[in-house]
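Encoded as structure tokens, the following chain is the form predicted on its own, with no partner shown.
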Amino acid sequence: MFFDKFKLNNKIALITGGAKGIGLSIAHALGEAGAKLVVIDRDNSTGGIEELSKANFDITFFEGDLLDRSVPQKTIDFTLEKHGRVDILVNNAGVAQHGDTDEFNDDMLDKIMDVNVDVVFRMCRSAIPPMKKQGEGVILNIGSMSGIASNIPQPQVAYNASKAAVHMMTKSLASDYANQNIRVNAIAPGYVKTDITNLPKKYEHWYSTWSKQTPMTRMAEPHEIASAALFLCSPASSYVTGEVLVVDGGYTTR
């Protein structure tokens, strides 16, 4: 009975930035649970889509740059044309960049805010109408522990602020649409082994600080974030909305 609550048989799951990293692991988790996948990314240079196909998931790839303001709506329209509904939206696409605030130029600031905040807003804005029409839906936003704690040693004020915005967007949407049977939650990962945390040599000394600050003394594997995503996207979390689930190895306890 309880295992069945994690099943997503024939649910339509739309995942942004799903061709690599955390997004790819989330796609695997939802696909294994039975969901039909629509993955959006700028390209498939990492081979993630082939990986999902080889796993025998029902997978469709939509190539597009979400910074194009028309693309969020196009991805929803594409999904509706193919499947007739959008049951789950996972807003995973994001960027990270560090830098001292007094040297952080407007182009860098715009990129952080455009991808991490504006794109998430537009995707939610486009997904909510069909979810309202079908009488249910689930939105999962990928935030960060950096939206809760000012993690060190890297200076990253803009990134931290962008992820805090995602968390508040999540709570506000959850409050606004709970009566429409649309649940909205977020995950706040800590350090995860992805391209983003694959540091160039001059910053490799950060790893020791990250480890010391994390009670579990290690970074997460992407599948450890995907497990939390499956819970929040499935009926197992049917009474959970407006929550930011922190998956950080205990970092924010210190």
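Bear in mind the structure is a predicted one, so any value in this text is a computation, not a measurement. In this text, residue numbers run from 1 along the sequence as written.
Unshown form predicted in complex with a small molecule; subsequent notes refer to it.
Shown alone here, L109 lies farther than 4.5 Å from the small molecule in the predicted bound form, counting heavy atoms only. The small molecule is not drawn, but in the predicted bound form it has no heavy atom within 4.5 Å of A13. Within 4.5 Å of any heavy atom of the small molecule in the predicted bound form lies no heavy atom of A33.
By the criterion of a heavy atom within 4.5 Å, S144 is counted among the residues contacting the small molecule in the predicted bound form. The stretch from 135-143, 82-90, 99-107, 175-183 that comes within 4.5 Å of the small molecule in the predicted bound form, counting heavy atoms only, is 135-143. Among the residues V157, M113, V95, M169, the one placing a heavy atom within 4.5 Å of the small molecule in the predicted bound form is V95. Among A226, I49, L66, L37, the residue placing a heavy atom within 4.5 Å of the small molecule in the predicted bound form is L66.
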